[in-house]
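Take a look at this single chain in structure tokens; it is the form predicted on its own.
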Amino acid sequence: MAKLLDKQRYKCAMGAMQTVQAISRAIPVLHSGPGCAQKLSDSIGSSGYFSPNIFPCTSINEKDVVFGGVKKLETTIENSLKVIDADFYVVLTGCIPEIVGDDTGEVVSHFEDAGKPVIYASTAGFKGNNYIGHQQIIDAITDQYLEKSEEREKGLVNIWADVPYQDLFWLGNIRELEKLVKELGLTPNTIFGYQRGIDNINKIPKAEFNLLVSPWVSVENMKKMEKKLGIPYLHYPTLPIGAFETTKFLREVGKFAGVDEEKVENIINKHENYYYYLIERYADLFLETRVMAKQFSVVADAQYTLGITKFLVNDLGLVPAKQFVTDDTPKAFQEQIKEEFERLNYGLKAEVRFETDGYKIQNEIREHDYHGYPLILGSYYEKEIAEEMSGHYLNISWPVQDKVVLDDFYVGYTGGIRLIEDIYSVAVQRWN
């Protein structure tokens, strides 16, 4: 019997066209039916040099289903190279060409001497969601474009975090990770966002190591790069938000990179002194028990549910209720992530549920006794249940309907302070 999924929190694999869009001057070339780009793009924040409305597309139809769409794909790539001024062309395949068996790889191979790189990634919707599609893009770059380098640039570190655009704060977060790594005396290299493009992709093989900040997304990408390019990797599973986790992050990265311990501690002391100065100024508000909810739930992908849960417990001393991970985390990673929710300060553990169905999530929130009004951080879908329970609510995960984020972020010491500002700005409105 068909299963209904209420309030889906992700897109199909072809949603990874936004991963390509996040690379400056890279353009997705869609081999799919008409309308995919329009349906998979976000309504705000996705315009720019290239936007989904102008992504080249084969717009395959019934005739192509019968006779194949490879000729149309060939002319679409050919014309894209002629009229679109890009540095990097990534062909993404949708459901129909994959079902009828179009050999996209063979067509793309005709453009090896095009003067600009053309690669392809298999992103049919039935192969998974856009988290999986994102990994397919990184794999395609590794398999089809990058070559092993014998040259290593001292201190160069490739930084990988979660999925651009799916993560509302992706741009600000990755820039803040760059700043933290740079403070350690290392040279960060990222491929997403402003002025990060083909030149940064070309630097990848020269890095001393890859730094992955994500519970599970791109772990397999790191293994592939280690095998093909000989780049070792450090996997840090928790998005570092606030002082406790960011300090731990700096120590771990510093140790892996061989940075002098005294230097690392000096950086930490400088940040922590200012962080706790700010906290101290508002201690009267934080200690006023009626302002904040007694328990909280986070409803988001693994990255935010884990990162924010650790922050609210370890830095703010709040008590976790049940937490919800909504990104359809592969089973192979679920146990490892569950263990992270049991490594909280003060002997606390958080129960975590891997659930993609919004109806079930809302029922579980409704049935839980929060000993008063709850604090709920989640997608726009959680606004309804938060209002029903007279709770505090903050929209921190996709879909986002009530917030505009240009380069705001929650990563690091500064990101933790910004999250406190957002949460308590909501909380104090109850009393004013």
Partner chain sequence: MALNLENSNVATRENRIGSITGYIGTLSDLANQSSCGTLKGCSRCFSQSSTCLSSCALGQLSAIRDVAIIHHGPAGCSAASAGAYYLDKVMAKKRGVTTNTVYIGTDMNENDTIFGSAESLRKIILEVNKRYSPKAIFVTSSCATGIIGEDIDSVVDDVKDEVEVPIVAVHCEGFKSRIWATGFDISDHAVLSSIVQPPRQKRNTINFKNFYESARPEIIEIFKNFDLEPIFLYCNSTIEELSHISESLATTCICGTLGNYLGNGLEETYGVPYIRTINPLGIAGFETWLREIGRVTDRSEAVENYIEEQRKIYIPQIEEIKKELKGLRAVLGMGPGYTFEVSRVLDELGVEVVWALAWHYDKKYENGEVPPSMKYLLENDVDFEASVADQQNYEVMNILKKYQPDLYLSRHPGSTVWAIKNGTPAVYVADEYMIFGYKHTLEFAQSILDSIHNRSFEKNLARRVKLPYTDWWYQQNVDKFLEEAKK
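The model shown is predicted, which means the values in this text are computed figures rather than measured ones. Positions refer to the first chain, counted from 1.
Below, we turn to the form predicted in complex with the partner chain, even though it does not appear here.
- In the predicted complex, residue 388 stays away from the partner chain, with no heavy atom inside 4.5 Å.
- The partner chain in the predicted complex is not approached by residue 342, whose heavy atoms all lie more than 4.5 angstroms from it.
- In the predicted complex, the partner chain lies farther than 4.5 Å from every heavy atom of residue 364.
- Taking the partner from the other structure, the partner chain in the predicted complex has no heavy atom within 4.5 Å of any heavy atom of residue 181.
- Heavy atoms within 4.5 Å of the partner chain in the predicted complex map, among the stretches 191-199, 333-341, 96-104, 211-219, onto 96-104 alone.
- Judged against the partner chain in the predicted complex with a 4.5 angstroms heavy atom cut-off, the residues 8, 57 and 380 are in contact without exception.
- Note on the partner interface in the predicted complex: the residue among 329, 314, 142, 80 having a heavy atom within 4.5 angstroms of the partner chain is 80.
- For the partner-free chain shown, 380, 381, 384, 398, 399, 401 of 377-406 come within 4.5 angstroms of the partner chain in the predicted complex, judged by any non-hydrogen atom.
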